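First, one chain by itself: the form predicted on its own, in structure tokens.
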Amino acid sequence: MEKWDVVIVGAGPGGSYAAKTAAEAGLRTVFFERGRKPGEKNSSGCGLGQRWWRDFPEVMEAVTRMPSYRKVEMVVINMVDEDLRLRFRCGTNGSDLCAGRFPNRKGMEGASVYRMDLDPYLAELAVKAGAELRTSTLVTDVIMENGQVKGVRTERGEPVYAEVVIAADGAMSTMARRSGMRNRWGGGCTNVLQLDYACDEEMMDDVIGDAEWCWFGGAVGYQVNFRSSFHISVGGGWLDRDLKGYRRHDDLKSLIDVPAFQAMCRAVKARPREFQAHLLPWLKRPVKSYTGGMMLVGDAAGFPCPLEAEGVWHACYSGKIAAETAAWAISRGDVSENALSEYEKRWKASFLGKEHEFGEEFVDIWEGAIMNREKALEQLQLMLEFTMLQPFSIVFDWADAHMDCFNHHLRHFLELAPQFSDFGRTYLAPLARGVWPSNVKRILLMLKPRIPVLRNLSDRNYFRVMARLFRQLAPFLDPTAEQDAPLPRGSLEKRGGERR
């Protein structure tokens, strides 16, 4: 009977990094890949954010030498109107704070790379650490004994036993379903459509530079740029919309039809070469990530970021924590469900857990605002007027005297603002709970000199007054409350219906 300490299903980023970590911990480890080699799946590439320099610096050093690598230091935002005309373009490339964020001065430096380059490298790290890789092997079932996972079974019927199984088998995780952890995602999964293009490398350097591109408004999608190629992708709607007849191909066609996108394609001599489609979890919160004898990592656990759906860092990070938990549980001789609950405690207390604290708010913003074309176009008009109020725009508005131009735009901005206030109350106000208390105090202290009746109070008493004031205003700030309802009796002592 074949028996291992750890069996890992999947040799993508999460599975390979789990295998590397487990092998380095001295565990007898094997990991399975259904393809002929890691990175062979129908998904072209990925963006790796700045935090890779903090958490996986050795990987990022290797990434910079890969054939498809393009450095990313900014994102170009393109917003188009209902007629697909480019109306707004801006870039984000960090501040001096970002530049000094990490000791190696890689504060805003990320990377784009093809999975066909990244995945084999990560798998090789695991093999060098002592893990065994088996390719062209499809794992189709789990071995259960007394309600606990004891191993896996391949499509050829071969049993492979283990103390712990780590499932890194993607969005539709067979391991999660066969173990009874869940059936299907329901609406929490998106169908990502991608079109991959080959380009001229020198022209990419001249036109694209060190940037990713995003498209919003009348057409929505993101563009990941590699050394001599790029892919465009649409996938921001959930599967429950597709089941009701929503045609996601139309989203891809709208992006291709944007004249500014076509101009960019001509400039870099872009040639479409492959259509791709894959499923991606996009959840308000990850699913339960463990059961007796098994843990889920990466897409299998629903770990992609709920704000922008990047999932490779999340896969590697969760794979590392899962392997460390496996080593801890095996050393104690207890791999029961109760013991492996330690995994969930660990990832929730880590950077990965902090990423998902605002999952519900982030997904709501996408579903109700960004993927809602009507709302997105309203925001576009507001953003256009907001940009016209800054000095660079006013200087070049020659329709009238410059101060009159400023006032025209200010009046239009104020007319549009009520539409945005609804958006702010519904989607942005819930994020206020994430603002650091130190920043809240700093903002309040900036206001203090501007409030004559309060400016002479001590800081301690000033904060007490402001706290009582916000408690009194709480019923009015609640977006579900009646707008004209009077303050409830004793509101100074109440918040959310409970006495304090």
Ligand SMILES: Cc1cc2nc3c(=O)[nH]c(=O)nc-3n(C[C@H](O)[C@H](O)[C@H](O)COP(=O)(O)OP(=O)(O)OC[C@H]3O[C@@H](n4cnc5c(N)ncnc54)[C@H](O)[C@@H]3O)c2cc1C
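Quick caveat, the model's predicted, so the values are computed rather than measured. Start at 1 and count along the sequence shown; that's the residue number.
Missing here is the form predicted together with the named molecule; even so, the following discussion is about that form.
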| property | result |
| --- | --- |
| Contact assignment for the named molecule in the model of the complex, among 30, 46, 63, 27, heavy atom within 4.5 Å | 46 |
| One residue of 182, 408, 278, 346 in contact with the named molecule, assessed in the model of the complex (non-hydrogen atom, 4.5 angstroms) | 278 |
| Contact stretch among 394-402, 256-264, 78-86, 138-146 - heavy atom within 4.5 Å of the named molecule in the model of the complex | 138-146 |
| Touches the named molecule in the model of the complex: residue 311 (any heavy atom, 4.5 Å) | yes |
| is_contact(residue 54, the named molecule) in the model of the complex, heavy atom dist at most 4.5 Å | no |
| Partner proximity in the model of the complex: residue 315 to the named molecule, non-hydrogen atom cutoff 4.5 Å | yes |
| Exercise: residue 115 in contact with the named molecule in the model of the complex, heavy atom 4.5 Å | yes |
| Members of 14-34 lying within 4.5 angstroms of the named molecule, judged by heavy atom, in the model of the complex | 14, 15, 32, 33, 34 |
